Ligand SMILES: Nc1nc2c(ncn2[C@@H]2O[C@H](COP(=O)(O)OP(=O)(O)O)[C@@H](O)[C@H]2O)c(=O)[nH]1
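This document starts with one chain, in the form predicted on its own, laid out as structure tokens.
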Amino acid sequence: MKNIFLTGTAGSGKSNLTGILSNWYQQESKNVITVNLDPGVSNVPYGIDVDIRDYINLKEIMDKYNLGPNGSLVLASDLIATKLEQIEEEIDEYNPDYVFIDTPGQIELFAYRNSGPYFVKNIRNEANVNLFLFDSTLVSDPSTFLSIALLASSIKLRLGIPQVSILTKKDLIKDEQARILKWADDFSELLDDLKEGGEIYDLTSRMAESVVESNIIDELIPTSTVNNEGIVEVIASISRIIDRGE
């Protein structure tokens, strides 16, 4: 099976994109299932085939360990790795070709604690790819765009699998899209748009120069789940990595 993970900051559109992509594959007669790895989610816009909430209950964790909401989420995230065998058994019952894995909204709990990388490394697969979502409502400012780009690089380092960068909610930033894509294509353009002067400028410019040299983002694909713009391009990028091994 081929696994497609979706990561990004809270509210970046992971669940919406999971629903759109899995539905497209199903319409193309592909054998595909969805996996929800967020123990704290209430509702999602797609039918969940395998659900971590069947194994991890936040309220039970809060009551058993006398934890608040944040503490219970941390412990729940740590427990995800312990449920890998059960999740794999459920997945195997479907015998899917493609598995879309919707990760927790709190990206730091999945990527920076040991459970998330362990899960990614050890789940059975023919190929893995991570879709990292840039929330367009956050990245219209040069310094914030740079911060999220560095986060994307960090997530790629932590998970250790090929990554596709996606700009979500393009319908909300029609006037800013060209500028954001310009930054992604050439970080020297981002330096030109920074407001000069002060400590923040000096720090941001040094970070941007490092990003320019490291070439963090190969391509940023603008998408909208409102009108499905960019979805074909995302699917093509997924295919190049997990089907053709590029």
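Keep in mind the model is a prediction, meaning the values are calculated, not measured. Sequential numbering from 1, following the sequence displayed.
Omitted here: the form predicted together with the named molecule. The next part is about that form.
Put simply, of 176, 90, 97, 171 only one has a heavy atom within 4.5 Å of the named molecule in the predicted complex, and it is 171. Contact between residue 10 and the named molecule in the predicted complex is found at the 4.5 Å heavy atom cutoff.
By the criterion of a heavy atom within 4.5 Å, residue 226 is counted among the residues contacting the named molecule in the predicted complex. Using a 4.5 angstroms threshold between heavy atoms, residue 16 counts as touching the named molecule in the predicted complex.
Of the candidate stretches 147 to 155, 119 to 127, 163 to 171, 77 to 85, only 163 to 171 has residues whose heavy atoms lie within 4.5 Å of the named molecule in the predicted complex.
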